[in-house]
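This document opens with one chain alone, in structure tokens, the form predicted on its own.
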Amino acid sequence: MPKCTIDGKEVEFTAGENLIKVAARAGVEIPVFCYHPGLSVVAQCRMCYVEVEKMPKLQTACSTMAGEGMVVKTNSENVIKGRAGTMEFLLLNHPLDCPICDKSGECDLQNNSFGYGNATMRHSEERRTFVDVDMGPVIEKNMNRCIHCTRCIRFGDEIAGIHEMVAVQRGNNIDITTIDGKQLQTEYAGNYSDICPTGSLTLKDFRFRKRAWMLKKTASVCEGCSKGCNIEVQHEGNVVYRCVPIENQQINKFWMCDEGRFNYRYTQDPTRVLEPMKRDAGELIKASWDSAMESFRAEISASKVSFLVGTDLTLEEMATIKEFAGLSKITVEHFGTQGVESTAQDGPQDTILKMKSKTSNLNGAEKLGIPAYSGKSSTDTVIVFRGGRAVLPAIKAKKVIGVGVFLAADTAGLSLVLPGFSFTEKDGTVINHMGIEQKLRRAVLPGGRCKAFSEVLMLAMNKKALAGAVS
């Protein structure tokens, strides 16, 4: 393989790699603003200056391809001066509002200013100012913080497939905005905030809610569809504040859709059932686990019962339910997305990430040999196991019992509800539409008196175990 030298280190590279990628492999960081590995290269911020031997001027590392025998310096006196000048220029109009900015603590401008800028500013003129702009249900824009990197414009054009962000006017009067001031139309708008290197494009859902450095981060998998995008659940004090994408070039690259990004909200919905509930005189009322399990056990032993498992459950949960059903000769079927009963019916919903199956483990249910719900069951009681995402089908039975995650709106036809864990509250395995196994990780503890499916089934099998169970 060809080799080049970066800061005295000899590094191998493949043809077509730019100096930023090659330097990173050598452990050398080159600061960037406009460059993003998932977008086209424009080399307009000038932050990635490097000095290349036999070239008279500083070069932008993002647009300079590595060459055989090339000698590159990333920390020479000229490079240091060039980057400091770039930082001074970018900060001419930038407000000093880091204490209230949502990007503070994870801001490229802060990091590069500290690492490569000067401690003093020669500029004394008045900064330009813009008013904040509502760009739709996902994004709010603060143009005062914008450094004109155009990542957002390129994301819309190249990834989202919708030309909605543009640069209006030039120079000091430039404004990055939507065409004719319209609200953002893409269903991937949250990515604008992810790729913005400053706090110019902020998530409304997260705005002013929590400082970034306070958040704990748990790598997991999105349950929004069968794509299985890799995500980071960010939480603090047992509250989830946001979900952001993690790079996985095989599955979701750098992105995620808004549906998956904000899917976590239902897990913290104030109407979520967190206590056992029994129907009495037509109304669901709170019950103890002791009382609820007595009713659950009575239905299993006295009635003709069938199980319905949501394809939003993990493999481990499905396998446990199937094994329990086998011991009692109970039929098991799966449900999840209306109109998508098998992986053969699944497929892309758009050209980016979204899939037709709106649950994460349809493939897993099929691999376990669990058939789709036919709606032809003649059982007296149907017990529904649900992770929270699967859409409840129309069920014809004398009684329907819900085990898992249910909001108040989901309980209209249920005679008994036993609360369970959501996808942010448990570990487990899911299989995406490509057959790739991935792991859910617990980020927060379940609220109320929720129990795992395995514990509920254990209590159903062993009445004596209830006495030692936490109620």
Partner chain sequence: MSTPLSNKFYEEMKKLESRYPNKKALILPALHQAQKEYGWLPKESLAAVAEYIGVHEAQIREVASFYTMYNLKPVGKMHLKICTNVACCLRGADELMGFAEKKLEIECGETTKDGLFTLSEEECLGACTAAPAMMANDDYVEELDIHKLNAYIEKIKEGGVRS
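Bear in mind that the values here come from a model prediction, so they are computed numbers and not experimental data. Under this definition, the rigid core comprises the largest set of C-alpha atoms superposing within 1.5 Å between the forms. Residue numbers count along the first chain shown, from 1.
In what follows, reference is made to the form predicted together with the partner chain, a form of this protein that is not presented.
At a distance of at most 4.5 angstroms from the partner chain in the predicted complex, all three residues Val166, Gln169 and Gln185 contribute at least one non-hydrogen atom.
This chain is displayed alone, yet in the predicted complex one of Ile352, Ile300, Val240, Ile162 has a heavy atom within 4.5 Å of the partner chain; that residue is Ile162. In summary, among the residues Leu274, Leu327, Ile179, Ile100, the only one with a non-hydrogen atom within 4.5 Å of the partner chain in the predicted complex is Ile179. Stretch-level contact analysis of 241 to 249, 314 to 322, 211 to 219, 169 to 177 against the partner chain in the predicted complex, using heavy atoms and a 4.5 Å limit, identifies 169 to 177.
Core-superposed comparison between this form and the one not shown: CA of Val133 displaced by 2 Å or more.
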